[in-house]
Structures are given as structure tokens and as C-alpha cells.
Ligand SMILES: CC(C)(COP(=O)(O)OP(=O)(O)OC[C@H]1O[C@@H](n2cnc3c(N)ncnc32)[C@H](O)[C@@H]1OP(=O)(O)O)[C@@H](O)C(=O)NCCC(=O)NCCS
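Consider the single chain below, provided in C-alpha cells and representing the form predicted alone.
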């Protein structure tokens, strides 16, 4: 599935399009936090991957994931409306999860609006489980559900004994 989509790391010139997509699809009704400047900071941040799928000059989808010592936080994931339900979001998520596994990350967390059943179902179908409800998480306007996926659920830590 990843091979079907040309996923690459974002470059500085991707920041405005990523920001607009976040504003229009993710932050709708909440204000605009993921401005081009903030997206650019994520692109520059060595502990963050910003992955994109483009067709020519058209941004089709993106994901932003921040890596900590053993946990990663998926800040944003979006696909153009006309491209949804064709595997692009799953491919972006798989790419980011593969990067997290390579980095030795144990779990990934993401938040979704409680009212966004499509997003919640998408993450549940990829083995994320809802672990808590966050009242007023989105600017005091809307609640969120925090979801988590354990990458080493079988107990394998990625380390090999010598």
C-alpha cells in the first residue's frame, strides 16, 4: 500500500499547503493553530517527521508525527476529501508507524474529536484503542478522545540479546 503512494518527507515549500489543509479539514471551527510558521518549525525539527503525498504541485495528504524517547505523538493526519477512502491515509500512517518502529518507539498516541466518528473508526481499524476522554481539549470548544497503539504489543522490544 505504501508503494502505491509516493510518500516523502516534506520540504519547506510544503508548509503553506499543509497548513491550509490542516485549517480546512482538521481545525475547522476551532481557529487556526497550525499556521505555515508552525508547520515549518515541525519540518525543521529533527524529532518530527512531516510526511507528504503530492501529485505534481498538488498536496494530496500529509502526516505530522513527533517522536519522544519511547512515545510518538501523531499531531495531524489529513487527506484531500476527493482522495479519501482510497488507502492514502492508511499509507501515510503506515509510513509514520514504520519510522517510529525503526526509532524504537513503543507506542503512538493521537487525539480525535469525540464527534469525528470517521477518524475514530479509521484509527480503531488500525489497532488504536481509545484510552481516555479529554474534556475541552480543542480550545475549550470540543472534547477529544486520546487513542493509543502499542507498536510492540507482542512484547518484542526490538532489542536482540547478545
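None of the values given here were measured: they were computed from a predicted structure. Positions refer to the first chain, counted from 1.
Form predicted together with this ligand: not shown, discussed below.
- Annotation: in the model of the complex, residues 66, 94 and 102 none come within 4.5 Å of this ligand through any heavy atom.
- Heavy atoms of residue 26 reach within 4.5 Å of this ligand in the model of the complex, making it an interface residue.
- In the model of the complex, none of the heavy atoms of residue 115 sits within 4.5 Å of a heavy atom of this ligand.
- Although the partner is absent here, residue 125 lies within 4.5 Å of this ligand in the model of the complex, judged by heavy atoms.
- Within this chain, residue 73 is remote from the site of this ligand in the model of the complex, having no heavy atom within 4.5 Å.
- Of the candidate stretches 94-102, 115-123, 129-137, 48-56, only 115-123 contains residues with a heavy atom within 4.5 Å of this ligand in the model of the complex.
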